[in-house]
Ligand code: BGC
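Here you get one chain, nothing else, as structure tokens; it is the form predicted alone.
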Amino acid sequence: MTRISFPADFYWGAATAAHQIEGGNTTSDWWYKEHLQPPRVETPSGDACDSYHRYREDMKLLADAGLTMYRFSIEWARVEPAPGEYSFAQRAHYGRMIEAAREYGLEPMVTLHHFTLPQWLERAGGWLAPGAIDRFEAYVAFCLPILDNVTWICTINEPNMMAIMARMDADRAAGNVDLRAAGLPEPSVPVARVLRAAHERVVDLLHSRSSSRQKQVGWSVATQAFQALPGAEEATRSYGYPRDAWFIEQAARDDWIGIQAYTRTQVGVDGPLPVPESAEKTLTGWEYYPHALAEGIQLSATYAPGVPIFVTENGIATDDDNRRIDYVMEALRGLAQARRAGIVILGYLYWSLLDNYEWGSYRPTFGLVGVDRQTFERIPRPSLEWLGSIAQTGGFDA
């Protein structure tokens, strides 16, 4: 048996996103999309996990388990429900969340944009609307007073997936409904460029306005673990580069980069292949593949060499918590190996703290904590205590 060890200053925690857990996010673009007719989603988000009111309970569960960091997001649609109309009450709410994290001994990592936009900006064209970058900067500037006590800030969550979704929306509007049969479409280049510019603008803003704490700012990228079948090496590089590696390259001058990994995609000479019938699958239909994290870390080290890495999301949707522990244990084994090879990795945040709204459905259960859909009772799983024990002891035997 081998001891897998981590340094004392390594961060351990879990991540969430506002729209997926708060509930009642009625001014967001996703709330609007969830209620289109005919329906595009299995179920609307509704009350989600009611974490808008229960965030202290959620943080206490993390802290009591022995974890040390909580990543959560500020909801732009709540803070600016109409263009230029800012809510001081909503800003204060997120300020109280930051204060609560500190009260429980958790280091907050705050995400400024996690997939959702205010409805008014989406109606104007979303990230391609005139002045979208200025509007994002102004929203962040309004939030600066509550960010004064925050070190770790993620500007934009998974810009590569947002650019891919933008291309899917555009192709759907053009009548192409068979996109997913051929794998993920290539990201929208105009959206990708706007997201990069918005990120850079806000990084400069946060660095220039740092006061009591030096800001450590980055963005997070969803890595895909693209794997070439024999003879498909060049096809795989061509397919994979615009879908994740390009976005990693844009972080080359950042304080850190977030890597988010779940599964792999095998690629042949004709493009990506479906998950093999014989493979073990998670509740999202993805292949069970814990080594995706190590491959995502290596991709980051290749395309943004020297930039410290934070694992901002990694996890599995399963109704078998023992399998969740198995998955994370294997992922952490690969992470530890990358650290021994000299790659700087600052922390590991599991996705997700709670069983939450997975962008159209509540069926994929990722949580370290279950949630009763009617009473909102939190039901901690053994995996929460297991991960907390690693944080407290600095490692595990494997």
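In this text, residue numbers run from 1 along the sequence as written. The structure displayed is predicted, hence computed values, not measured ones.
The same protein has a further form, the form predicted together with the named molecule, not shown here; the description that follows concerns it.
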Inset, instruction - Just one of 79-87, 230-238, 135-143, 258-266 has residues with a heavy atom within 4.5 Å of the named molecule in the predicted bound form, so point it out. - result: 258-266
Inset, instruction - Find out whether any non-hydrogen atom of residue 351 is located within 4.5 angstroms of the named molecule in the predicted bound form, and reply yes or no. - result: yes
Inset, instruction - Using a 4.5 Å heavy atom cut-off, state whether residue 313 contacts the named molecule in the predicted bound form. - result: yes
Inset, instruction - Classify residue 358 as contacting or not contacting the named molecule in the predicted bound form by the rule of any non-hydrogen atom within 4.5 angstroms, answering yes or no. - result: yes
Legend entry - Distance check, residue 152 to the named molecule in the predicted bound form, heavy atom within 4.5 Å: no
Inset, instruction - Spell it out for me: taking the named molecule in the predicted bound form, does every residue among 115, 158 and 366 have a heavy atom no farther than 4.5 Å from it? - result: yes
Legend entry - Of 286, 120, 246, 104, the one that lies within 4.5 Å of the named molecule in the predicted bound form (heavy atoms): 286
Inset, instruction - For the stretch 15-33, return the residues whose heavy atoms include at least one within 4.5 Å of the named molecule in the predicted bound form, in the order they occur. - result: 20
